[in-house]
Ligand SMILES: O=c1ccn([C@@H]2O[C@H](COP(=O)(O)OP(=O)(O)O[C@H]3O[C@H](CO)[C@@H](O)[C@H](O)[C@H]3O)[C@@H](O)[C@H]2O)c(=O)[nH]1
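Single chain ahead, by itself, as structure tokens, in the form predicted alone.
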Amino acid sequence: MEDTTSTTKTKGPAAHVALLATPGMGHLIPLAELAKRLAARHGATATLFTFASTASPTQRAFLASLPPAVDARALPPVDLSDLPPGTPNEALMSEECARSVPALAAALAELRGRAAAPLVAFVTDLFGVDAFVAARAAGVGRRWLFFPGSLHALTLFLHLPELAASIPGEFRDLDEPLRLPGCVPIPGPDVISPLQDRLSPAYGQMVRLAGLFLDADAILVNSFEAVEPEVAMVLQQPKLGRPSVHPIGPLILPADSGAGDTAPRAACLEWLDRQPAKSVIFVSFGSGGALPAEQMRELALGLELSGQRFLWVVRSPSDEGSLSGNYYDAESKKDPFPYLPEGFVERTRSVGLVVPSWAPQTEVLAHGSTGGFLTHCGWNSTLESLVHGVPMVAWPLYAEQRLNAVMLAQGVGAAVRLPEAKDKEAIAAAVREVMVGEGKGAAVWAKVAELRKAAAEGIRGGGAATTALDKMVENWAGEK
């Protein structure tokens, strides 16, 4: 999808924006795209702060691809050795941010002193809301929360303190789905994974962070109205005590970004060039997903049984069996090929390509040979699929992915969701349903085509997303 927002709109003195990306490529990429859009359309410069704990080769390559207007700066490392082994990622991220507040406050104060480019706004994602304290101490005029997920997930967070107080047991044990304003009913087991155990340190952190959302002056959301129309209407109505909500998405990595321009990239695209149009299902579980060994085996056999062409980004299973075992480092922990069924790669060589760790996802989804996406339903991946009009097979793993799968399959109708028992027969059937247009497949194809058009219209000049962002920055000129 061509980004048509690049024409600079705002005139007057240059403005500077500071952004804090908490760990995970799914947090970093959309915040970086926001910084790029502010630079291209509004003439701003930006400093994008990251954490030392996430300085993986993948992240370094991405940061090196940013334009000169966006300066990437890693905060000094903080000591987390006192946290117990097995601390959930959500608790790790929020704790790392809280301990980085003094260093961030000093960095923001230094940026605030630049007379040539006044620091007009501080933006952080949901795990960085403790950093609003640093922005306030540095005298930054605007403090915005950037929510990198769906409007459904945001609604859950905005109601979370109330839900935590009113629901006595676990969400997974609810007899009835959770019904939130404008949202698709959410079955208890599909409420985001950090909230499924009240005794987990992640649960308390999520409830605490949700309460801090109200400290933001505004909430920018990486979604668009057409994919979540009812909840978008609800959230855009002013509500006393709640920051205004502005859908400004989709913010995704452009297919022609060149990030990760390596031999694996060339191999994937050259292989796709040799396949028929819309014939390949792309299989990837995002930058952090890791399947248990048995599910890897069933997936391989299911792809083979489906008879469809496939491009599979495969990683070794996590040593601990954690579904988010690669979150802090997208590289496969071990050689993944020994975990595949014996002879699988040889038997499927004529119809499939298996690549370790990484593929150029946006370019794969934009390619004319790609006709489906078996995905973990991470929100970045979801938006990339919708932007390029690719129907989905939903296999959610962790975080808010099960909630996204409910919305995509039962709500908007852009995906076919796999059943809980993911054996090879179920996998093969779902893949064929999407790729051949069986069952719900035809309706899914029609819906993603509709949403692709809506996404493109939203980011054009005068479109809903572009107009929403314009309104947020229209009074920058002359601010000190």
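Sequential numbering from 1, following the sequence displayed. The structure presented is a predicted model; accordingly, all values stated were derived computationally and were not measured.
A second form of this protein, the form predicted together with the ligand, is not displayed here; the remarks below concern that form.
- Contact check for Gly26, Trp358 and Tyr398: all three have a heavy atom within 4.5 Å of the ligand in the predicted complex.
- Just one listed stretch, out of 233-241, 343-351, 400-408, 296-304, contacts the ligand in the predicted complex at the 4.5 Å heavy atom level, and that stretch is 400-408.
- His376 is the sole member of His388, Arg309, His152, His376 with a non-hydrogen atom lying within 4.5 angstroms of the ligand in the predicted complex.
- Just one of Val245, Val313, Ala138, Leu195 comes within 4.5 Å of the ligand in the predicted complex, counting any heavy atom, and that one is Val313.
- Interface membership of Glu384, defined by any non-hydrogen atom within 4.5 Å of the ligand in the predicted complex, is confirmed.
- In the predicted complex, Gln205 stays away from the ligand, with no heavy atom inside 4.5 Å.
- Using a 4.5 angstroms threshold between heavy atoms, Gly286 counts as touching the ligand in the predicted complex.
- The closest non-hydrogen atom of Pro148 lies within 4.5 Å of the ligand in the predicted complex.
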